[in-house]
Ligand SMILES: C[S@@+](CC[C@H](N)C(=O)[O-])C[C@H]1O[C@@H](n2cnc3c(N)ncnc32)[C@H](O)[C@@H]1O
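Single chain ahead, by itself, as structure tokens, in the form predicted alone.
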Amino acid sequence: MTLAQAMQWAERAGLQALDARLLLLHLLGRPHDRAWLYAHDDQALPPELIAPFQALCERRQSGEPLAYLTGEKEFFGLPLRVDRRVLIPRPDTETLVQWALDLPLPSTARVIDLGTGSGAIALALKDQRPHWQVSAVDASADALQVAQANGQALGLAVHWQEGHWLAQTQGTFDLIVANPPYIALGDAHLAALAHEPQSALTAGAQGLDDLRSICEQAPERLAGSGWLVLEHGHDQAQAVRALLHKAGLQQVQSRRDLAGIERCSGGRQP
């Protein structure tokens, strides 16, 4: 079986062509070399890789996310290792990172990422602003293991801490960012996310429980003129802005993602 024939087999089995290529490159140890595959698709697939390739294709066809099958997902230009212990970073969340980078913060700002998961947000911020003092918190010890491993692999010094939102943290921050669970219990979208940790997805009947908790905790922990910036669901911007106003924050506003959806909302401490 040549590489071209392997891809044809996968497509006949119902897999998208891009997924087939990425799984094949993953097994061949060339995860980012699609050009090589096009130039060498007449080469034979090593016999010992045929069964593993078919097994990966079957798992992908059953709905398992590609990032879990390859163990990697790129976020804000950084290659992150991911597995079932953490949510897969989404491009939408880059809107949150870009907003944070656009804020007029001190050159050595104290920044904390709540519910860090794979460490995507914290690591992207530290990569772009090396002098920032970046911390990250997660209630899941398993998730923190993934985040710490990513930080070590990338050589980015983030302070990792186990805890629930701000409860176990100390001091004040110039910026608090979070992409907390915001899907309502029973939401129809959860079926498509069955492979990802549900505790990192759902937050009460309206999906606002964790967003509300963070908004209530943040004012006491924000330095003067500090910012709280949150990612939320596609239809939650108005509700989150109301929570930010209730918390006494100023300059409350929302930012849209590349699809034009109000994806993040934030406000500044007086």
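In this text the structure is predicted, and so the values were computed from the model without any measurement. Throughout, we count residues from 1 along the sequence that is shown.
The same protein also has a form predicted together with this ligand, omitted here; what follows describes it.
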property: Triple contact flag D174, S225 and L244 to this ligand in the model of the complex, non-hydrogen atom at 4.5 angstroms; result: no
property: Option from 151 to 159, 123 to 131, 136 to 144, 103 to 111 whose residues, in the model of the complex, bring a heavy atom within 4.5 Å of this ligand; result: 136 to 144
property: Any non-hydrogen atom of T95 within 4.5 angstroms of this ligand in the model of the complex; result: no
property: Exercise: G71 in contact with this ligand in the model of the complex, heavy atom 4.5 Å; result: no
property: Partner contact for H189 in the model of the complex: this ligand, 4.5 angstroms, heavy atom; result: no
property: This ligand contact in the model of the complex: G163, any heavy atom under 4.5 Å; result: yes
property: Residues in 172 to 187 close to this ligand in the model of the complex, defined by a heavy atom within 4.5 Å, in order; result: N179, P180, P181
